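Okay, here we've got a single chain as structure tokens, the form predicted on its own, with questions on binding and movement later.
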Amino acid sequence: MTRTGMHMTEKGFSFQGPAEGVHALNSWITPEEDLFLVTHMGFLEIDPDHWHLDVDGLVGNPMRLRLTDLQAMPQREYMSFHECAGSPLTPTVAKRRIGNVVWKGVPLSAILERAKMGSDASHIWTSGLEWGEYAGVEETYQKDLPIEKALAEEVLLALEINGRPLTPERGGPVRLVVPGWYGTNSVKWVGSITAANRRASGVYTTRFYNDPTPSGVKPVWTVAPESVIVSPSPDDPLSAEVPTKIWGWAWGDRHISTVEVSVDGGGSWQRATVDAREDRSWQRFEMSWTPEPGPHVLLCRCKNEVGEEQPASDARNAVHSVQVQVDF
């Protein structure tokens, strides 16, 4: 349902990202121009003076909040990687749309506390305000969170990214941010929050963004361990017998404990050094390499603190490879 003071500026699925892909991600904090943009149904522009958030469902105090109400509430900053889950139509194809940013906003838990959420609520539904068609389906973009995650301190109704107000393209004036979970759960242009005693029944929770497993369907929620090589890139000039630094980023909902790098296409692996993380930031890894002349296939793989690893292929977090040429 559309509201006064908003219009679609572009319709249909859209993706924008740096032409160099992950090799453009040289900064600890990703500049907005290097951070991917993905929309299912198009871009929405909302007049901030007309924006409001309805909070309803299993709450004792249903309410409507304006932008000025959120701006007046205590806010917090949280650093986190931000990753697209890839296409729900091809969920095993790795897209590697990733960045690391600082969000600022009001904790979702503070909103739920003010609304006096009922003890029988098990999920929080969040609905965006955009409209249109995706994959032959025309339906509101609605996602859900189990209560445990919804009440986590890092989940925000964000008003800023990297110290600046959210632009319409980024989901402004207010979007949900769910650090540690794939970006599909961080609803842009948020318009309503509903406390419920079951999962949401829309296509974005039932048909799209679910992975088959031996024990049944699993929602695309927590980010699995993943890593990418930023440098060298395929276009970098490399000289034989000259020490070279192989480095990149590793991330996941859980802390990454180990990163290994292969310089021979997976024939052998060497341990890289791994930096600590802040909040849920990505972690830099690095390894020194003195290459021999000829073509080389570089790979990286990581493992998190509970032993979960990147799969070799056929997964959204499959092992990343880079082909380089070393000259004499």
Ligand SMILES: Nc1nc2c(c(=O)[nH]1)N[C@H]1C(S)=C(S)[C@@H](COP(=O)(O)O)O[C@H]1N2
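Numbers for residues come from their place in the sequence shown, where the first is 1. Source: prediction; values computed, not measured.
Quick note: we don't show the form predicted in complex with the ligand, though the next part is all about it.
155, 221 and 254 - do all three of these have some heavy atom no more than 4.5 Å from the ligand in the predicted complex?
Looking in the predicted complex, the three residues 155, 221 and 254 all stay beyond 4.5 Å of the ligand (heavy atoms).
Spot the stretch among 277-285, 293-301, 34-42, 264-272 with residues whose non-hydrogen atoms come within 4.5 Å of the ligand in the predicted complex.
The contacting stretch is 34-42.
Please identify the residue among 189, 125, 81, 249 with any heavy atom within 4.5 Å of the ligand in the predicted complex.
Of the candidates 189, 125, 81, 249, 189 is the one lying within 4.5 Å of the ligand in the predicted complex.
Go through 183, 107, 91, 202 and name the one with a heavy atom inside 4.5 Å of the ligand in the predicted complex.
Flagged contact: 183.
In the predicted complex, does residue 208 come within 4.5 Å of the ligand, counting heavy atoms only?
Taking the distances in the predicted complex, the answer for residue 208 is no, it never comes within 4.5 Å of the ligand.
Taking 4.5 angstroms as the cut-off for heavy atoms, does residue 114 touch the ligand in the predicted complex?
Judged by the heavy-atom cut-off of 4.5 Å, residue 114 is well away from the ligand in the predicted complex.
Even though the ligand is not shown here, does residue 226 get within 4.5 Å of it in the predicted complex, heavy atoms only?
It does not: once the ligand is placed as it appears in the predicted complex, residue 226 has no heavy atom within 4.5 Å of it.
Please run the contact check for residue 130 against the ligand in the predicted complex: heavy atoms, 4.5 angstroms, yes or no?
Yes, contact at 4.5 Å.
Residues in 293-318 close to the ligand in the predicted complex, defined by a heavy atom within 4.5 Å, in order
Contacts from 293-318: none.
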